[in-house]
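Encoded as C-alpha cells, the following chain is the form predicted alone, with no partner shown.
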C-alpha cells in the first residue's frame, strides 16, 4: 500500500472512530482532502502564529491596563459610534451598488431620465422603495454617527498624543462624508436636488479668486446641466467610495494598533 493510500486509509479509520455528526464528518473530510493538496493547515498555523505575535505588540487600552472594565461600562455605548458608522457605511454601499443597476444619470427628456428612473425604482421595481429607503436612511445614520463619534473623541480627549494623526484623518473622513451626502442628494434630480445644486454653484462662485474655476470643475458651469449631474454621479459612485473605504481601513488600522483611548 502506498503512503498516499495509507494516509487516506488512516484518515478514514480515524473519522470512523470519532462520534461525529454527518455535518462534522463532511467538514473534516473536505478539510483533509484540501489539506493534502494545498497544505491549508500549515498556512493556518502560520497565520495564527503571526496573529498572536502582532497582537502581543498592540498597546493595551486604559481600561485593559488598569482593569477598569466594571467602572467604565457607562461609556461603552459612546465607544460603539465608530463601528456603528462603519456598519451604516457598508449598508449604504451595498444598497447603493444595487440601486446603480437601475439608475441613469441623464437629464434628457421632460421630465429628466434620472427622475424617471427614481420614480420607477420607488413605484414599480420589486422592493425598490425599501432599497432606496435603506440607502437613504443608512446614509443619514452614517452622517449622524460620524458627527457624534467626533464629538465623543473631542470631549474625551482622545485626539491628543499619540492619536493626533488619526484625529486629522477623522476630520478628513467627516468632510468626505458631507461630500458623499451632498453628491447623493443631487442624484434624484427633483426640485430639492435642483435648488441644492444651485446653492452649491453660488457657494462655489463666492470663493475668492478661484470661484469660477471651482464652479466649472465641480458643476460643469454656472448653471445646472447634464454635466452637473454627470459629475455628481462620478464623484458619488466612482471616486468617493474608493477613497473613503481606503481611509476608513487606515483609520481602523491605526485604532487597532494604538488601542482605544478611554477617558482618564
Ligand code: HEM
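Residue numbers count along the first chain shown, from 1. Since we're looking at a predicted model, the values are computed, not measured.
A second form of this protein, the form predicted in complex with the named molecule, is not displayed here; the remarks below concern that form.
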Would all three of 248, 255 and 261 be in contact with the named molecule in the predicted bound form, where contact means some heavy atom lies within 4.5 Å? yes
Please tell me whether any heavy atom belonging to residue 90 falls inside 4.5 Å of a heavy atom of the named molecule, as the geometry stands in the predicted bound form. no
Can any non-hydrogen atom of residue 187 be found within 4.5 angstroms of the named molecule in the predicted bound form? no
In the predicted bound form, residue 150 touching the named molecule (heavy atom, 4.5 Å): yes
Indicate whether residue 99 is a 4.5 Å heavy atom neighbour of the named molecule in the predicted bound form. no
Among 189-197, 118-126, 81-89, 131-139, which stretch sits within 4.5 Å of the named molecule in the predicted bound form, heavy atoms only? 81-89
Members of 147-186 lying within 4.5 angstroms of the named molecule, judged by heavy atom, in the predicted bound form: 149, 150, 152, 153, 158, 159, 163, 166, 167, 170, 171, 173, 174, 177
